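Have a look below at one chain only, the form predicted on its own, in structure tokens format.
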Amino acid sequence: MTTPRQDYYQTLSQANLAPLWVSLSNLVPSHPTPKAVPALWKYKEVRPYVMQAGELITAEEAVRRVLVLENPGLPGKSSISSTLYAGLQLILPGEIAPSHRHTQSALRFVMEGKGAWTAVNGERTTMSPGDFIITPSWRWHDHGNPRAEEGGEPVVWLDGLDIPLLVHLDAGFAENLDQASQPIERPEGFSYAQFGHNMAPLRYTPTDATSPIFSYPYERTREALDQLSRFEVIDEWDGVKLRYINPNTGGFAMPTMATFMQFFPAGFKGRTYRSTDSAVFTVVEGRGTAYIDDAVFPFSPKDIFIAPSWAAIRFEMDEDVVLFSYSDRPVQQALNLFREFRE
């Protein structure tokens, strides 16, 4: 026998209604309760699987030969957090990953290998380890690699996209170009020459919120970190941390994902902080340990780890360390939702 309340709830369900008081504490919690959990991917353990993919499927067949980094707390979601996607993409000598475009914004962070290229909106850039490259929303893009006899070698990069966010918004569209590679209309380095020196063309008018610079070379970023580490007081939480910017606005380089590079000196023992943005880190240089909630992650170069929303984060460094990271902070700040706490 059911109770009058149970009968009432059943009647509501049949009418496509639900009582708020049953789910209120879950809908409006006292603090963020992400389903994503802290997780670490050791590059030396993952890399053989990436290379094996190169033996089993071509870049043309796959469209994008990528192994998704799937958060253990989000099985089957192809997500590293509730708003972010991460994957390791491989392109072999002589291959082309065919041109397409989509509403999802994408970033590439080069893990290993040199000489491959990415083309975006009629301009190519050659990829080197540590480079940060942007593919703006709805821009044609393709990737290629010279043949081995021309110096081509396997190249792997970290893909970061806002795919889960756009899934929540039901705003995903994609289109394939009718040729493998888009026409190249500008010489390599053109966009950096226009915008990379604290200058801009006289009559340039921004057309969207993404940076007009689509390739940020690591050598320039590393030089800035090195100078600041010698001239600036090391922050007790972040070390020396810089964010990539859109030179037109001074804001984030991408409208849905923030990107950062930070340096920690050997022996650094950081203090704990929390923030509402989920952050994906990859190790560019050095070895240390990340403490994320109850997880302890000793890391080495090229390892990747995720700190979910409101996780307690602290770093200790055995060597000089450089970390690249990306997060959903721009969306949170645009909606006045971002919060941070430093112990």
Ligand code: 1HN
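Residue numbers run from 1 along the displayed sequence. Quick caveat, the model's predicted, so the values are computed rather than measured.
Omitted here: the form predicted in complex with this ligand. The next part is about that form.
Of the candidate stretches 227-235, 96-104, 148-156, 181-189, only 96-104 has residues with heavy atoms within 4.5 Å of this ligand in the predicted bound form. Although this ligand is omitted here, in the predicted bound form all of 85, 141 and 161 have a heavy atom within 4.5 Å of it. Contact with this ligand in the predicted bound form, judged by any heavy atom within 4.5 Å, is made by just one of 42, 64, 287, 314: 64. This chain is displayed alone, yet in the predicted bound form one of 79, 256, 89, 259 has a heavy atom within 4.5 Å of this ligand; that residue is 89. Remark: residue 108 counts among the residues lining this ligand in the predicted bound form, judged by a heavy atom distance of 4.5 Å or less.
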